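Listed next as structure tokens is one chain, alone, in the form predicted on its own.
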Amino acid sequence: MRVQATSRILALVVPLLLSLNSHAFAALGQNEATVHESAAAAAPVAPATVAEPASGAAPAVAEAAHGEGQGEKPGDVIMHHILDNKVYAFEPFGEITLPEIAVRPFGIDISVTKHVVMVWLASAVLLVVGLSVGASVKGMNSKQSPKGLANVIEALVDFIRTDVAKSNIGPGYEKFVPFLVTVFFFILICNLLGLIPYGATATGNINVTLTLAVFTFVITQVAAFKAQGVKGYLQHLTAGTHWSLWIIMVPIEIIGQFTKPFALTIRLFANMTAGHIIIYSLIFIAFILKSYIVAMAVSVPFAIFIYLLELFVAFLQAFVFTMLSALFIGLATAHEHHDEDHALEHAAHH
């Protein structure tokens, strides 16, 4: 049974992977064809038939001709597929130029880009799945249990509530569960959408991961103020040290407040970007070496392995971001919990 299940998974994944990377193949093939065509067109031209440009313009013309002859390098093609842009390509069917929106008085560019489209799509998928699962659960009685997708979502929500929120935040964790569940599923959907053909990984954009980290930072600070009050929050910045050490500890604690969201930002961004770069790099090895043997023995098998690993990383990074967010909230509200425990112990002794 395991062999049959594995073969079915590979039968589904391999065509998706090849379709995903076919865009890179086509782009590189077009670049090589452009180089050969430009070289063939330049060969028959005799030096006597070309008018000699002015001495000052000669270096610029030579440099431009050299750049056109080189064509686009594999690294440029990889970055074109990884980075955000305002053109959504559907090779070989065409491309869509996304609308540009600029607030000119303030110099702000809020144009629609490829990653913005994927954020909208992930939000739509999250709403549709959440509303449909919620409606199906509400329609059940106490003797029924969720089935299919609703059962999977319930298991994941219970895992986030019990093993992530409750374990890291402690008493009062219930009010943070909606945020943590939403962040987990949003990141997971964004990660998975980047693995389908014509998809793009929105979490591979540092602006998206920074925004998610800012939400965690704001919620953490608000929770700390509510749990400790202004006096307790300021005392927390001194780390309980003698007043003579405050000049050292206060700046360190303040910097530490900002390094936490910075770590969340870079961790998610780097992990989701690195996997896609590795897949494209492995594919381009066969084209650089121009060897079918390398393609069949190295590029395709290793690319498929990294692709399957990316499926695991998609879930792992969503879990890590959610767990660290819960951990930071728990650390910010720990003072209140210690006071409650101390009060309970004091009451028990009396």
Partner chain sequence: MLTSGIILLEGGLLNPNPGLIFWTAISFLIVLLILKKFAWGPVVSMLEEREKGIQSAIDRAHSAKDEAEAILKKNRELLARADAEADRIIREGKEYADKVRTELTEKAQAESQKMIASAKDEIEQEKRRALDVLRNEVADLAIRGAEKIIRTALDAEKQKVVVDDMIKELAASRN
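Numbering follows the first chain given and starts at 1. From a predicted model like this one, the values you see are computed outputs, not experimental measurements.
Although not depicted, the form predicted in complex with its partner chain is the subject of the following passage.
Note that among 111-119, 223-231, 192-200, 247-255, the stretch whose heavy atoms approach its partner chain to within 4.5 Å in the predicted complex is 111-119.
Only one of 140, 149, 87, 263 comes within 4.5 Å of its partner chain in the predicted complex through a heavy atom, and that residue is 140. The partner is absent here; in the predicted complex, the one residue of 167, 259, 211, 235 having a heavy atom within 4.5 Å of its partner chain is 211. In the predicted complex, residue 273 approaches its partner chain with a heavy atom inside 4.5 Å. A residue is said to contact a partner when one of its heavy atoms sits within 4.5 Å of a partner heavy atom; residue 179 meets this definition for its partner chain in the predicted complex.
Using a 4.5 angstroms limit between non-hydrogen atoms, residue 127 touches its partner chain in the predicted complex. Under a 4.5 angstroms non-hydrogen atom cutoff, its partner chain in the predicted complex has residue 185 among its neighbouring residues. At a distance of at most 4.5 angstroms from its partner chain in the predicted complex, all three residues 73, 82 and 133 contribute at least one non-hydrogen atom.
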